[in-house]
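Here's a solo chain for you in structure tokens, the form predicted on its own.
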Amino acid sequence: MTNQTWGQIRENLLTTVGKNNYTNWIEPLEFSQLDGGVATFLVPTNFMGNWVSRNFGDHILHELSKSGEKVTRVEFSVPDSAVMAAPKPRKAEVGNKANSEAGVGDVPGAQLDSRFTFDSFVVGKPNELAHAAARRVAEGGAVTFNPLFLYGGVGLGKTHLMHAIAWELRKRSPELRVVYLSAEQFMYRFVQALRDKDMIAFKQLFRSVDVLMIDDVQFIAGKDATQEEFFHTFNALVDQNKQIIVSSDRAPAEIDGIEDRIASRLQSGLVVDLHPTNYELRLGILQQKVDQFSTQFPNLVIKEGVLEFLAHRISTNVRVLEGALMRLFAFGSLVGREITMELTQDCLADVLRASDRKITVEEIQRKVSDHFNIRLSDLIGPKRVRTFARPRQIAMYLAKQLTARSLPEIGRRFGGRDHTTVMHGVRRIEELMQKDSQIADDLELLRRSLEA
């Protein structure tokens, strides 16, 4: 086979595997020889050869056969004179595809989702610090927070921020070697290198990056060998002043099974908690999703109050919230109906049942009286002095938002008050929380305590 033939085959592979994969994995291959039906290609490292063999070997063999060459197998070999170092980084393509390789150069990374950018991240009080820190790191330049450690529960935006950082870094500095992958993928690559007896190439590849991003680091807990390699990779990158960004579902010190030295290292930079979403943030997320869906469902109408209802009722997981809205849009579009409150309750009956907080008015009253250090009898009693009236209104507001009780029912549980009194109290708190930060903080604290 001639180099000209291989050149034509490479052009076919560009179409087959895509530009990113071609640039990172096919272009560095150098045809060596064809002997006895075995086509041999030279590669810079064994790690790369193994990767190409597993992921693109069949593609190469198919194209060789199509060209008329009598090939039964392809092999990849590192020339004896090759220096065991990572290949020179190449500028990666940044496109508008749904997914794109996060690794730059020849370092294997996971895929990035183009939906997860800073522009699509809705900022609110629970996540504003995490967002600001992520923005700062994504600006590049001098390393300030190393590592940046993001933690929080499922569906609070950790992965979204990780992807957003990677996209922003690639846009600002395409020459940087930015790698995003999950802890499980890091572990898989490590085990594969052990099995292939190719640890030198593995170490050099992962320690040659400019920015290393590890998602869900709690998954390496209890994996002693992986933790050992992660620790040394971490130290090597920090010593070179390279940026590390890590996420987890809990704080470093709370990850069971992780070594103390690693927990200590992870806490040595900036540790940021993404708090559970509040009502305002959930409503903002829903409104943004409506804007996104409007092009897909241009004629669909959402009646007033539906988004507010969903933001109140589905509070634990943003993914569930977004999925519920998507189901509503799909259902309304398919049956050609407006999305009313009745349709919402029918269509999402299972989701609403699963998300039902089962918080009682009595529980709210106890929490509020404890928070403001007043007696329960004074909270629900007739006294109108401000010391009792304001906590009473807050309790009414929370009862309206967090329970399925009607205004008359809530009024009866507050000393037999009329439903108009409850309505007035709710409106008053809605007004005050916009201009009184103390009341807003009290409400957020009480809501978290009740939803815990």
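The structure presented is a predicted model; accordingly, all values stated were derived computationally and were not measured. Start at 1 with the first residue shown and count on from there.
Just so you know, the form predicted together with a small molecule exists too; it's not on screen, but the next bit is about it.
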Given that the small molecule is not shown alongside this chain, does Ala130 nevertheless sit within 4.5 Å of it in the predicted bound form, heavy atom to heavy atom? no
Give a yes or no for Val122: in the predicted bound form, does one of its heavy atoms lie within 4.5 Å of a heavy atom belonging to the small molecule?
-> yes
Considering non-hydrogen atoms and a 4.5 Å limit, does the small molecule approach Arg170 in the predicted bound form?
no
- Query: Does Arg313 reach the small molecule in the predicted bound form if we count a contact as any heavy atom within 4.5 Å?
  - Reply: no
Testing 313-321, 193-201, 293-301, 263-271 against the small molecule in the predicted bound form with a 4.5 Å heavy atom criterion leaves exactly one stretch, namely 313-321
From Thr159, Gln111, Ser182, Thr360: within 4.5 Å of the small molecule in the predicted bound form by heavy atoms is Thr159
If we test each of Phe231, Phe116, Phe329, Tyr279 for a heavy atom within 4.5 Å of the small molecule in the predicted bound form, the one that passes is Phe116
